[in-house]
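Quick heads-up: it's one chain on its own, the form predicted alone, in structure tokens.
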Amino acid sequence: MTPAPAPEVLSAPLAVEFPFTRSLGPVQSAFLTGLRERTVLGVRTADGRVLLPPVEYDPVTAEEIRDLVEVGTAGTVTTWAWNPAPRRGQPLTTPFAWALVRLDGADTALLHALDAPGPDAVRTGMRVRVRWAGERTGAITDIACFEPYESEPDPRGAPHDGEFADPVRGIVAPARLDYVYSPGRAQSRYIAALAGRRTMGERCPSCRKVYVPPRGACPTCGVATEEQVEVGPRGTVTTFCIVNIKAKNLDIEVPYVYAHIALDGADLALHGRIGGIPYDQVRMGLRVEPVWTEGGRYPDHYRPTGEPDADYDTYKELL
């Protein structure tokens, strides 16, 4: 087949997001519970340094440290960077500075947002103080931000037993990455063909293998692939896994099966969900075909064709 004309290269905004749940040891529990009570706690090392945020082991000696110290709520900016365009989930919705602030009584600096009218209003060495959040739950966000504050440094730090009513024992921290993804010319052609319910691979001019989805280059020979080859639509299950954990926002009942499927004419297996058969009857060698939903841009799942299972020798190189 002759090379297909290059389509417009696609791009799309994507997000990877998940909640991260962790338990807290005695030091971190005291630190976060203290923030809820408008108290900032550091931890003192054997050589007398006060670390903030506190850690449970000395980063120099690796010794366990538990001596909590209450530090001030005002401090000094040690360094900073202006953020002109705050992003989703950041502490402030208006431009602000990311600043390292060494609170009075601490020997290390805490990273947080500094609310200032502009970069000309921020400088290393300026004095700032904590602006507390109106509602506090025992998280670093209980410090809403820092704000400019004229005061003299107060280096004193008082020991603290870390005892609070209803201490925070664990936290759920959301993690999110926003980015723009471009699949490149080869996969743009592949995606465009899927919209027409066709599966297109690309053949290596050297080893003659057909790759689906195409990468634009042969991973074995390292040469560009341009020749378009239609494969499938039927294929063979080469290997699979049974999914027992329900994913958020995915309307599929567990357990279900995800499989590697070698489409007829392809030399690389792609993955897809297997439906139309009990999960415990899915097997290697099962012959399957795609099922499209109305308006779908790609197969919703693959189902058995009713053909005899493929012989192992026909797909053993594609495991």
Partner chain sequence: MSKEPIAVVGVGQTKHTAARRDVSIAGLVREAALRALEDAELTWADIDAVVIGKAPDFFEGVMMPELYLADALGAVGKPMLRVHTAGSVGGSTALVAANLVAARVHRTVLTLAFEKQSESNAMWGLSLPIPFQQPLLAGAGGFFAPHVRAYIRRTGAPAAIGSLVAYKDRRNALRNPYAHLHEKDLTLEKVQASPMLWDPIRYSETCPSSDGACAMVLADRAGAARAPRPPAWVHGGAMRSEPTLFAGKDFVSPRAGQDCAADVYRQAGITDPRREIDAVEMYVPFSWYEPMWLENLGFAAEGEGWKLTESGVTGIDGDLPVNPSGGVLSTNPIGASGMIRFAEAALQVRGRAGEHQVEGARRALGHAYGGGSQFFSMWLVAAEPPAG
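Note that the structure is a prediction, hence the values are computed from the model and not measured. Definition used throughout: the rigid core is the maximal C-alpha set that superposes within 1.5 Å between two forms. Residue numbers count along the first chain shown, from 1.
The same protein also exists as the form predicted in complex with the partner chain; that form is not shown, yet it is the one meant from here on.
- Comment: the partner chain is not present in this chain, but in the model of the complex one of T220, T137, S206, T94 has a heavy atom within 4.5 Å of it, namely T220.
- The partner chain in the model of the complex comes within 4.5 Å of no heavy atom belonging to E307.
- Although the partner is absent from this view, K248 contacts the partner chain in the model of the complex, with a non-hydrogen atom inside 4.5 angstroms.
- Contact check for R273: a heavy atom falls within 4.5 Å of the partner chain in the model of the complex.
- Taking the partner from the other structure, the partner chain in the model of the complex has no heavy atom within 4.5 Å of any heavy atom of V229.
- Along 126-155, a non-hydrogen atom within 4.5 Å of the partner chain in the model of the complex is carried by no residue at all.
- Positional change of P255 between the shown form and the other one reaches 2 Å or more at the C-alpha, relative to the superposed core.
- P53: CA moves less than 2 Å between the shown form and the other one after rigid-core fitting.
- With the core held fixed between the shown form and the other one, V128 has its Cα displaced by under 2 Å.
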